[in-house]
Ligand code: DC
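Consider the single chain below, provided in structure tokens and representing the form predicted on its own.
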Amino acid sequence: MIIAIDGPAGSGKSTVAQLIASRLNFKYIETGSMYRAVAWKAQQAGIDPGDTERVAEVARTISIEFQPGAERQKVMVDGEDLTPVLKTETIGRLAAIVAANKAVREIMVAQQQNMGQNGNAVMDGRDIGTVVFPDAEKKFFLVADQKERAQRRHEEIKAKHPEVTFERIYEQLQQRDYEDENREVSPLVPAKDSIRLDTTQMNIDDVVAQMIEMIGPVHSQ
């Protein structure tokens, strides 16, 4: 079984996906971190994120692996644990540019399909149910009020970055939503057969419980 969870930034899809994968003993594939990894690698090499050919070459040569961790899955990039680094807002902004690169998306989609080819995987992103695994057995599209999503993001990062204001996060999220929904390649749209869940007034445990119920019985490998 492939479980596809799509949605905009801050909708809770990554947290929910990881919890569901853990509950079902499925593999968890966090596709957003893959684009962030390419963005980080390009930044380290001094490559302009808008340089489509050079960034695509980074995507072709980069090694990305997901490893289970005590508290959270680790994102290994060329053998290095970059999990905390990839979560910064700066890398997020660069990733949005990288994710609009047609060649990069083709490379990443092929990798994602390879990672999930044996099934029993939970995959979250923005085009899983529409492009990566359009035949996924279960498809969800999580949404939430834009200000609520910005508040969640702000709560996540303010401990480490108290200088970042809610207003800045809200503005960045509005821009990211616009870019995701209007890019030419794999825009953020719900699959026609996806289940839409509004998580604005829901806590994570309730979202997970509702989705587990909708998924129904599964057979772990």
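Computed from a prediction, not measured in an experiment: that's the story for all the values here. Residue numbers here begin at 1 and follow the sequence given.
Although not depicted, the form predicted in complex with this ligand is the subject of the following passage.
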Practice task
Only one of Ala95, Ala150, Val143, Ala136 comes within 4.5 Å of this ligand in the predicted bound form by heavy atoms, so just point that one out.
Solution key: Ala95
Practice task
Using heavy atoms only and a 4.5 Å cut-off, determine which of Lys27, Arg183, Lys41, His154 is in contact with this ligand in the predicted bound form.
Solution key: Arg183
Completion exercise
TL;DR on 44 to 52, 160 to 168, 61 to 69, 175 to 183: the one with heavy atoms within 4.5 Å of this ligand in the predicted bound form is 175 to 183
Exercise for the section: Would you please decide whether Ala99 lies within 4.5 angstroms of this ligand in the predicted bound form, comparing each non-hydrogen atom pair? Expected result: yes
Practice task
Note that this ligand is not shown here; using its position in the predicted bound form, name the residues of 110 to 143 with a heavy atom within 4.5 Å of it, in sequence order.
Solution key: Gly125, Arg126, Asp127, Ile128
